[in-house]
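Given as structure tokens, the chain that follows is alone and in the form predicted alone.
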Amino acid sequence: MIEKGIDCGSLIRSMGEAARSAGQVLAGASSARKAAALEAAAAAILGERDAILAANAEDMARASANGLSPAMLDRLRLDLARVEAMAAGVEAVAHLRDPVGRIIDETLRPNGLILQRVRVPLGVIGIIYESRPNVTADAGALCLKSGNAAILRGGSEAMASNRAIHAALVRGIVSEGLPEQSIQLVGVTDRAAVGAMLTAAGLIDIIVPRGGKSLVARVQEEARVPVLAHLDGINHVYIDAAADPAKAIDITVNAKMRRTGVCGAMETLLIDRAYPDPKALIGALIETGCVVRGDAAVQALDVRVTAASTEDWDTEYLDAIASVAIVDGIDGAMAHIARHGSHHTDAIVTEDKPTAERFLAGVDSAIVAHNASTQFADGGEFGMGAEIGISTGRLHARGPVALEGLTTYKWLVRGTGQTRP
């Protein structure tokens, strides 16, 4: 256990150097070897489930005493089913197609040169995250499978859980002959460690933050290495006039209330002014325990609705709260999303295909859905096994970032003696 008070700059520097060496081994490791290591890691997580749950119970007790919000407590909490799902996620990553070495495209030039673009690892990836201990397993597994070394810095509220999960991961990968430093955990809670990671140019190749707005904003402001991130998940569901009422209710309630603390949760519901039964939608949300804040038209539908403030339309609640507005058709919905959205995940519910296609094409978000809940914004649901995060930027990777998003490419040029005239 690393104690607080250590020189964080020296710590991150030594971890970065060790990760660089481990990354060289991982970049040349075969797909079969990486898969075997992850299978062993998944088995180790299951084998250590009692220790992991005991560590999580310590974290939960401390977090409750410190007044952590219900949504954050839900993110932190582990039970047997979640530990088993974590292990299953690591094993699923082990069996995914390895992106390293994959030929993206190949060209034969008129001069006889053969050009190939081939996927290669990014190198050393730093992941800074809060609350969710499963990120330790997901991020570590994805980095290793894609040939990258990982430096993980979880939140202080989950330190015991992260240590227990990390120990199991390392036990598994070492048993298959891969370096212990392939997946490292920063064992200090000192926030200076985050600053040291953000300025570790030359040692860390990319930073992936997963957490609240303040964390991500700090990372984006202070980082001296590239960042792959999303700042907010202000996600919308738009109920079109041609929506099926049963689907509209089911999708709305699921998008908001399945898990309110995940980044794919709906925060704003938009209802077409021509939709025939908006009151039923509002009532369904309220009856499942959701606080509804609405514009004047929504307030007129149900006395339990409180007035939405200007700030509500730009708020990621991560709680059982939703803002609701009546809009003038798809044009009104798309204008609202363009003005208040965060380019994360937005959905339309409609049986009118041309309207749906217009929404899918016109909404500029990383994930745009038709007749499906925004809670599908998850790498596992996309068949990626797990994800390292959701990217809302436009460069390198967008949406759930998994194996392919953790690689770049290099050009291979094959000739027969050609020289340039």
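For clarity, every value in this text was computed on a predicted model and none was experimentally measured. Residue indices: 1-based, along the sequence shown.
This protein has a second form, the form predicted together with another copy of the chain, left out of what is shown; the following refers to that one.
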Within a 4.5 Å heavy atom cut-off, is Gly341 in contact with another copy of the chain in the predicted bound form? no
Exercise: Gly67 in contact with another copy of the chain in the predicted bound form, heavy atom 4.5 Å: no
Look up in the predicted bound form whether Leu113 has a non-hydrogen atom within 4.5 angstroms of another copy of the chain, and give yes or no. yes
With the partner left out of view, is Gly362 within 4.5 angstroms of another copy of the chain in the predicted bound form by any non-hydrogen atom? yes
What I'd like checked is whether Asn162, Leu169 and Asp319 together line another copy of the chain in the predicted bound form, meaning each has a non-hydrogen atom within 4.5 Å of it. no
Of 29-37, 367-375, 59-67, 42-50, which is the one stretch near another copy of the chain in the predicted bound form, taking non-hydrogen atoms within 4.5 angstroms as near? 367-375
Check each of Ile127, Val135, Leu144, Ile251 and return the one that places a heavy atom within 4.5 angstroms of another copy of the chain in the predicted bound form. Ile251
Counting any non-hydrogen atom inside 4.5 Å, which residue from Cys263, Ala308, Ala223, Val100 sits next to another copy of the chain in the predicted bound form? Ala223
Considering only 393-421, what residues come within 4.5 Å of another copy of the chain in the predicted bound form, judged by heavy atoms? Arg394, Leu395, His396, Ala397, Arg398, Gly399, Pro400, Glu404, Thr408, Tyr409, Lys410, Trp411, Leu412, Val413, Arg414, Gly415, Thr416, Gly417, Gln418, Thr419, Arg420, Pro421
